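We begin with a single chain expressed as structure tokens, specifically the form predicted on its own.
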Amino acid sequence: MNKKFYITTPIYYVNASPHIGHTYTTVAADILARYHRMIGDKTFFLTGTDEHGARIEEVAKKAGKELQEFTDEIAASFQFAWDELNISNDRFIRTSEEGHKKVVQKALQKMYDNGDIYLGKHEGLYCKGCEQYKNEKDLVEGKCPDHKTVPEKMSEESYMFKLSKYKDELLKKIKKDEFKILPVEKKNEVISFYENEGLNDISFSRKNVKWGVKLPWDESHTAYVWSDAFLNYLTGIGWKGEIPPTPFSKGGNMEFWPADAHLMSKDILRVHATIWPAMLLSLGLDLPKTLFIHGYFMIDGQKMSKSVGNVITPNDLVKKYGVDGARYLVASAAVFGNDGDIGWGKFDEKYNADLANGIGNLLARSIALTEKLREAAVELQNKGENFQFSIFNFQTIFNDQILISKNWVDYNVLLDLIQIDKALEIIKLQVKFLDNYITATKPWELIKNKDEKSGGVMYNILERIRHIALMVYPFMPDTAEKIWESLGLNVQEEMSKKFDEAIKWGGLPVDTKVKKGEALFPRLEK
């Protein structure tokens, strides 16, 4: 029975155009969305932009532009970047949309009516860049660690949210993995925060900020940016603010809730692990199933910075490596969940090793060998996957028989666990296996001698390449299609196959007509 799968990125703040950090999260989410569609899950993938708050007013003014004009331009730059990278999001939400703002007002009114929002006064250290109040413990040498600025001491009338009310319930859910936080070290970090610092009531409105959602019961206040932004995860799938939400079985619009995975970088973990789930409890809605937190990128050992001049944009990546090359390099840049150190030199080396000399070279030589087989008037023969081991005694070359069925089990488990980099290693294993298989079996000699085994050997090579293409699809969809076409397969037919059928051995017809195409990944010269 197929399941539903709902995945989100954060909505990206429109104070600047997209960079590689945004790209990393979005490509990862796209890989997971494509994988779940591939295995037959009903999938929804949401991304978008966060467009309100004092910081946006300030940046737009500095740019000499009207607020809506400024946010329109930056939002468009994100949409263009994701189109360039072949991102398959089902919805791109903007918090400046009228529909979203109306639902935010409904939700805030509900929390206010519940007694969870009250008029008070907020005092503390406020970082404009984060649009968050900071504790002394959060600062490094008195500065915000992310923005390197000294927070302002602020005291203002504010509507406060009773975050403290939900501490015990949330902590219990986090510990029991009813509200799962991955990787586990991030879960432990959140538990430590709950137990050592606790949850205090927080500001949910600003009085002198015009750009945002007006509180429905007091229009002199604007909703604090987080209370507005978080609700995109609901409005993005069509929630209209009704409490309780209409069940899907009765024609409602909440079939995808709760979210199966919120992907994000570690700088916004704390607010997603405290404010957001507390808001959902206040509204009487289910919590997301999983928060998955990834790390930051360093660029050749340095923090990415405009002043240093080392910012890498998605357009830079696509221009140099092509769409699928860029997707692969970003996805494989670090253990997913950890920090990574990247740079143009590292990307060039990985591109040549894994793509040009790896999967690209494997396909080219395999198609060339198949053409020689046809010239020798020898037919492909499907003798079953075990043929490659029983005939050539591969136990002497590999510790285990690398059966494709076992590889598929590993691949599925890893992507279900959001271990994206490790799933890529399964693909690299297939390429390495075939390179070794070709070296050991010497099909060019078998073909030259018209050895009866040559048809079976070449079928094994091409059929495993068909499986590689399917594994590659969530990561590099255009590349998968080019491989299928080279194998003489119809792309639409391959895409429409049920997953359980597609991963069985023997899906390549023995009478297939291979086609030599352009190099998948032209080698980069130094």
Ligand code: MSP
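Start at 1 and count along the sequence shown; that's the residue number. These figures come from a predicted structure and were not determined experimentally.
Separately, the form predicted in complex with this ligand exists; it is not shown, and the next lines address it.
*Asks:* State yes only if every one of A229, D267 and F297 has a non-hydrogen atom within 4.5 Å of this ligand in the model of the complex; otherwise state no.
*Replies:* Yes: each residue has a heavy atom within 4.5 Å of the partner.
*Asks:* Within 4.5 Å, heavy atoms only, which of Y233, F161, F336, F256 is in contact with this ligand in the model of the complex?
*Replies:* Here the answer is residue option Y233.
*Asks:* Which among 24-32, 463-471, 61-69, 497-505 is in contact with this ligand in the model of the complex, heavy atoms within 4.5 angstroms?
*Replies:* The contacting stretch here is 24-32.
*Asks:* With the partner left out of view, is M304 within 4.5 angstroms of this ligand in the model of the complex by any non-hydrogen atom?
*Replies:* The answer is yes: M304 has a heavy atom within 4.5 Å of this ligand.
*Asks:* Mark V514 yes when one of its heavy atoms lies within 4.5 Å of a heavy atom of this ligand in the model of the complex, and no otherwise.
*Replies:* No - in the model of the complex, heavy atoms of V514 and this ligand never come within 4.5 Å of each other.
*Asks:* With the partner left out here, check for me: in the model of the complex, does some heavy atom of H272 sit within 4.5 Å of this ligand?
*Replies:* H272 belongs to the contact set for this ligand.
*Asks:* Which residues within 35-62 place at least one heavy atom within 4.5 Å of this ligand in the model of the complex?
*Replies:* Residue within 4.5 Å: D50, and no other.
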